[in-house]
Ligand SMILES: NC(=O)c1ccc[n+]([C@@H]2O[C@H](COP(=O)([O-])OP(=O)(O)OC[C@H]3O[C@@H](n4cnc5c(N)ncnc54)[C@H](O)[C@@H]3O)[C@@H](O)[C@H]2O)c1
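Okay, here we've got a single chain as C-alpha cells, the form predicted on its own, with questions on binding and movement later.
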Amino acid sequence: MNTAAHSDTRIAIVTGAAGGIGWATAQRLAADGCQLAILDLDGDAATQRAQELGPGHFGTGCDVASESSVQAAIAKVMTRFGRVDTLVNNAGIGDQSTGTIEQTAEGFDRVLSVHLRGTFLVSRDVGRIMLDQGAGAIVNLSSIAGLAGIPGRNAYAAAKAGISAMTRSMACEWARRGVRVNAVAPGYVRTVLVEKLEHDQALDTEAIAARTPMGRLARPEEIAQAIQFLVSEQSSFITGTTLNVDGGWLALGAPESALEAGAH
C-alpha cells in the first residue's frame, strides 16, 4: 500500500546511510523536510537509523552491487512512498591498502562493483521513476581520488573517476526530461572509519591536514551540506558537475611550505 505523506513532501533515497557521510546526509535532508528511505547493506542498521530520524522515515537492506537487491529495495520504497524526488548514491567500501603489484583482481573487481556498478544500478532504476515523474535530482559520491593521483588507490580511483564520467553522461541524457545529475568529490573526511585508521596508525591525519590548504579534514556534515545544495532548487541550473568539497586539496599546485608562506 502506498503510504506516502502529503504530495509536496520530497522523498529521498540515500544509500550507505547507516553511518559516515551517508548518515550525515540523511539527517540533513530530513531536517530540510524530506522523508528518507535509508538503504544500507546492514538492513538492521538502516531500520534503526530511520527510527532515529522519527516517524515517516524508512530503512531497508540493500546490496547496491546486486541487481536483484537494488530492484527489491526500490520496489519497497515505491510501495511505501509512491515516488522518489532525490537520490544520493553514497554506498561504498574501502580500497586494497597495498601497492599495485600486490593487489588482487578480485579485490579490484569488488571495489568497482560496489562503487561504479552500484551507482549505475541504483541510478538506472531510480532514473526510470524520475523520468516518468518528469523531475528529480541525483547526487553521486565521487572523490578527489578520482581526480588526482593517489598511489595504491587504483580501484577506488578508477571507480570514482568513472562515477564522475557517468554523472556527466546521465546528466546530459536526462536534462531535458527534468532530471538533474551531479556529483560531489570529497577530500579527506573525519568519519568513524578515518578515526579508526588514525588510531591504528594506518592513516596520518596530521600530514593530511598539513597538505590541505584549509588545514584540517572535513566534517561529514560539510559534505552533506554540499549534497543538500545540489539536490535543492538552489542549484536548479546545475547539472553534470562534480563539485570538489576538499578544503582546497585539488587546487594546491605548490609544496606544502607555500601554504605557510602565504599565511604571513
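Sequential numbering from 1, following the sequence displayed. It should be emphasised that the depicted structure is a prediction, and the values quoted were computed from it without experimental measurement.
The discussion below concerns the form predicted together with the ligand, not included here.
At least one heavy atom of residue 92 is located within 4.5 Å of the ligand in the predicted bound form. Although the partner is absent here, residue 41 is a contact residue: one of its heavy atoms lies within 4.5 angstroms of the ligand in the predicted bound form. At the 4.5 Å threshold, heavy atoms of residue 143 reach the ligand in the predicted bound form. The ligand in the predicted bound form is not approached by residue 126, whose heavy atoms all lie more than 4.5 angstroms from it.
Between 134 to 142, 175 to 183, 79 to 87, 96 to 104, the stretch whose residues reach within 4.5 angstroms of the ligand in the predicted bound form through a non-hydrogen atom is 134 to 142. Think of it this way: in the predicted bound form, the ligand has a heavy atom of just one of 116, 157, 189, 73 within 4.5 Å, and the residue is 189. Along 13 to 37, a non-hydrogen atom within 4.5 Å of the ligand in the predicted bound form is carried by 16, 18, 19, 20, 21, 22, in order along the sequence.
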